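Next up: the same protein chain in two forms, each one alone, written as structure tokens (structure 1, then structure 2).
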Structure 1
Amino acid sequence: MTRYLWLMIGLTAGVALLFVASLLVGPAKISPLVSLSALIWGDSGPLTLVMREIRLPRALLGIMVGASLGLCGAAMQGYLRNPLAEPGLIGVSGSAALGAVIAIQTGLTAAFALALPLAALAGAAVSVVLLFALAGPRGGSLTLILAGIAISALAGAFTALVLSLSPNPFAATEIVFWMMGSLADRSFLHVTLALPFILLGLALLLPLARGLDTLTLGEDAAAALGTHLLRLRLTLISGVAVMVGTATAVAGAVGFVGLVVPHLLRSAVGARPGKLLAASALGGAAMVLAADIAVRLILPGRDLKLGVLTAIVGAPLFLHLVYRTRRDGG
């Protein structure tokens, strides 16, 4: 227990540190003390505007998006008992992006702002339901990955199609954003839009810890221990759809966070899927904040996509996992 406590304290401290660092990094070079005092005390000057309206929402969204992706990765992997189940890789983020793009291009979002997260959520829900139906309760690697490839490809193709049909000349160039994700130029409008849904997702997924722990003993044992399997499954699907949908609606599809973070933390929590949930939420927040700081340090003033960095870290790890799955005869 103490080890877990220390882990959580360490992760929280890491997120807090990265949050402050994210506030201090940007294309405009401002000294840390000046910018923090402009943020906290503030005046009507341009510096306060930059800190409060540009950097603060960006850092907050980094936490929200990262926590969502980390938590959803851990939850899906716990439920399917398969370390390859990651929202970005198996097409859940891609489908959410398709939902968001349809809502934006049909003009729904202009009429009704909540249409954006709701449409993305619907897109994510369709793909999670489809994946769970195809992969079955044990989530065999092969079916899961193959179904995920097909769903990703289809969602990506439709996203490109919808954006190409748009009368807006910029829309077609934004396929990269929807497939790679970015937090550039997001504002408090996006924070207020996403926050209620992210909180709802946390409320749905975090209490599943005990159920996921019992599931490691097998479904019969879990049912005998009082876990209501159907309810667990439905809550999990809703939670993942809400969180991945919302995160994708505001930041595009950022891949690999839900794969890397649970993998790194799994041994630290003694391979207990229940404990992994909260730890992965914190770890995901730290990873996305770090990636968002890195994109601004590597190419300040250009919008390097978050997914570029998460994939550079995540894809080799994914290959390693595939190799181990094969060696274990899975």
Structure 2
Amino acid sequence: MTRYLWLMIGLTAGVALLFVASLLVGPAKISPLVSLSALIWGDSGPLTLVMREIRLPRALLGIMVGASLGLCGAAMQGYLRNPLAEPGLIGVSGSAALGAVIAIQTGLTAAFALALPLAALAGAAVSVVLLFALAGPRGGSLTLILAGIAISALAGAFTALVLSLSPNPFAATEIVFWMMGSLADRSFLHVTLALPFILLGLALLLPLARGLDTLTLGEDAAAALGTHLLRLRLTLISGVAVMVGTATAVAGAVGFVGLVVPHLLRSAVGARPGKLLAASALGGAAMVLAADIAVRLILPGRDLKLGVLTAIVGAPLFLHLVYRTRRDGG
């Protein structure tokens, strides 16, 4: 068996183990066998309700959010041929966060349970329209990056404006906590809402593997090998927007997953952007599941946010990777 196949088997097994661990970790000291029995053959008692309505959707969302961010990070790095690229570069996550902030500030979340994720998805959709309008259908990579940075900065400014003008301190607190990222208190409503968009994103991004591989030779060579660059660009941006917007909508801002995971796995796939897509999706799912388990174990009596932990762990790790890359290159 090839090294890549062993890597995929190992990542799949790791995600499966972390998924089961996510189901079993909680404040109550209950036997794993009892917990799994309540999940599979439950009798509608309190433990069955906890397993099926709280822990199971949380674990499923951990896989979905992590896979989305990992896959989109690998896709952006492969397309831009820049290992520092990350999913939020095109402004989708910031715009999705702005949509959610507006929903909280206006009180829509109190009137409608799914108002927050739907508003976040609407914000992501608006950012894609702006991105295509600013960058143009045939704009280069630099134009795309500049347009994304502008949209992200604008979304951040409006988010700060909403916070500064908020007359309700409870709404402002809710906004700040939501923007830290978390999978707590999510239900199957969020899973049902996110799943079609995640599957659509997978269907858009995974087939781009060959095109991203040809791009490593340069755009002219990729076009000569039959890669339709405009179609690749439009499909990639659409897929990244769908997945990142959905992940932000259901989990808030969870950073560094799409930046760090492709870095950790790139050497294992032989620096092939196409092979890195699926590997990063599994690696991202494993990272988010592990981080979500950690937030429940480190401070079980406090609400440690998922996005805070991924940033605390991800930022130093990324700095180490940058230093190692510079050292090896020098």
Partner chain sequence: MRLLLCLIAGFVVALTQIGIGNAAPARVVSMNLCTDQLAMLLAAEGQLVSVSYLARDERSSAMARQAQNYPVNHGLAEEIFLLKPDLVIAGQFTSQTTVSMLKRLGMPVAIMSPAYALDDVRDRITEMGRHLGRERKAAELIAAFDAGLVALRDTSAKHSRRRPRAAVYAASGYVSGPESLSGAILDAAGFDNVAREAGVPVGGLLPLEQLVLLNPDLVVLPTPWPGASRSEEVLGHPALLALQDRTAAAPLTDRDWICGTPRVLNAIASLVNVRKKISEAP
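By convention here, residues take numbers in order along the sequence of structure 1, the first being 1. Treat the numbers as computed from the prediction; the structure is a model and nothing was measured. Rigid core here is just the name for the largest C-alpha set that superposes within 1.5 Å across the two forms.
Only structure 1 matches the form predicted together with its partner chain. Annotation: Cα of residue 248 displaced by less than 2 Å between the two structures, core superposition. Once you line up the core between the two structures, the Cα of residue 23 stays within less than 2 Å of where it was. In a rigid-core overlay of the protein, residue 238 has its C-alpha displaced by under 2 Å between the two structures. On core superposition, residue 110 has its C-alpha offset by 8.0 angstrom between the two structures. With both forms fitted on their core, the C-alpha atom of residue 319 sits 3.1 Å from where it sits in the other form; this compares the forms between the two structures.
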